[in-house]
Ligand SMILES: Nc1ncnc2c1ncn2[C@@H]1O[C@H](COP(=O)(O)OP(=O)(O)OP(=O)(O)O)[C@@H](O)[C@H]1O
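Heads up, the chain below is alone and in the form predicted alone; it's given as structure tokens.
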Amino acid sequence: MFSGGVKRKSETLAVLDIGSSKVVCLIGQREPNFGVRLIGSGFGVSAGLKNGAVVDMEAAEHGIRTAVEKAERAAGVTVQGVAVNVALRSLRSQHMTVTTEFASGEVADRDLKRVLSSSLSELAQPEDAILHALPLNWSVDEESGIRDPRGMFGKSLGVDMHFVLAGVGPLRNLAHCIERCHLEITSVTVSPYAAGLAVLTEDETDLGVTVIDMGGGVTSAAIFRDNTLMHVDAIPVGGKNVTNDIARGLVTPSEAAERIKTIYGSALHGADDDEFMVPCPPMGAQDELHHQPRTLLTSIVRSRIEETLEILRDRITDSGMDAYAGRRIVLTGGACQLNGVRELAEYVFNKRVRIGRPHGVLGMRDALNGPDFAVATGLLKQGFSESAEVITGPPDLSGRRYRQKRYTGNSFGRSLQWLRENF
């Protein structure tokens, strides 16, 4: 994966968090008996993405190259492959139950592989790419809730699968952009899943929790229960939409609106908002500096964030996953750092809410311990941990890897295929 004497992929790993606002590259290595240590980091401005999708190939490539080169210099290695996040508006979950008969009375590895392969081929579609495939529960002769069925006896084997999908088109553009930087994608992880791996405790993932990653162009959510990823969703709204609303509402340039949001922005009204006047730079050279009451700014910020959280809440409810989501919300991403966002989320969801900060990686500077670095940290932790996923490596963007022909031909041909699979 790396040159310069680093040969074993398991010892050193580079990850790339490509967001709508910034690009983060982290390089970590395994510390025997201690875990993962950060050895290099780099950042670049993300100018070529909108709602998580590449819209300007050259600008996106420049941001990626800048981040990777800075991380390479800090770590003293050359990056050849990266683990990448995905935060697209097309992210969605799909659950499927697959059951099959097996020949022997005892469940073996080959039976598990056949059921899992069957679920992949059943779901595979040319317009969607499978990013994650996680077995939630197994069943033997309709007895469900089994963690590992190997060694058990029965006549039928079933599995409840959770798939995370995304549209192939934006993924191909992202992959092409990374390839133009002379990098290979070693794996992909959806952003809220990675964020959860960085900020959650074992009790939270076990009892039920929802992670909401509030990025610049996409707000995404992941529900964890029984130490497993249960659901993923995303909407194409983020911190940049708040900035655009401020620019329009206060009649000021976008760059000034971003500064105003950072310095004066809040999702909660204060006692002196009517009296405090926010300086707003002019749109044109002939205009003059003008002032607007902070109560107007707060109304703009609150309206957009509240609407975003309400849409996400309703989508989770409509999916039927609210029962698994637990009574706790953990917020990550740069937009959650705005004053009052945590309190507003508590009001919208009627749940306990905390701001998630990444943990579990040695050598993280204070500047990297904020919720806006949760995704990158989660990618790094995942690369050095054991995974229960069915598929590994980069996603299949051709749509052909998992599409297999069903039992076709005459009865003799079907019998031969059954024999190959069972003996």
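If you're wondering where the values come from, they're calculated on a predicted model, not measured in any experiment. Residues carry their position along the shown sequence, with the first being 1.
Omitted here: the form predicted in complex with the ligand. The next part is about that form.
Annotated contact segment (heavy atom within 4.5 Å of the ligand in the predicted complex): 258-266, selected among 181-189, 318-326, 224-232, 258-266. Proximity to the ligand in the predicted complex holds for all of Met214, Val218 and Gly333, with the criterion being a heavy atom within 4.5 Å.
Shown without its partner, this chain lists Lys351, Lys240, Arg114, Arg302 as candidates; in the predicted complex, only Lys240 has a non-hydrogen atom within 4.5 angstroms of the ligand. Residue-level contacts in the predicted complex: of Val98, Leu338, Ile146, Val77, one residue has a heavy atom within 4.5 Å of the ligand, and it is Leu338.
Although the partner is absent here, Thr12 lies well away from the ligand in the predicted complex, with no heavy atom inside 4.5 Å. Taking a 4.5 Å heavy atom cutoff to the ligand in the predicted complex, the contacting residues in 19-39 are Gly19, Ser20, Ser21, Lys22.
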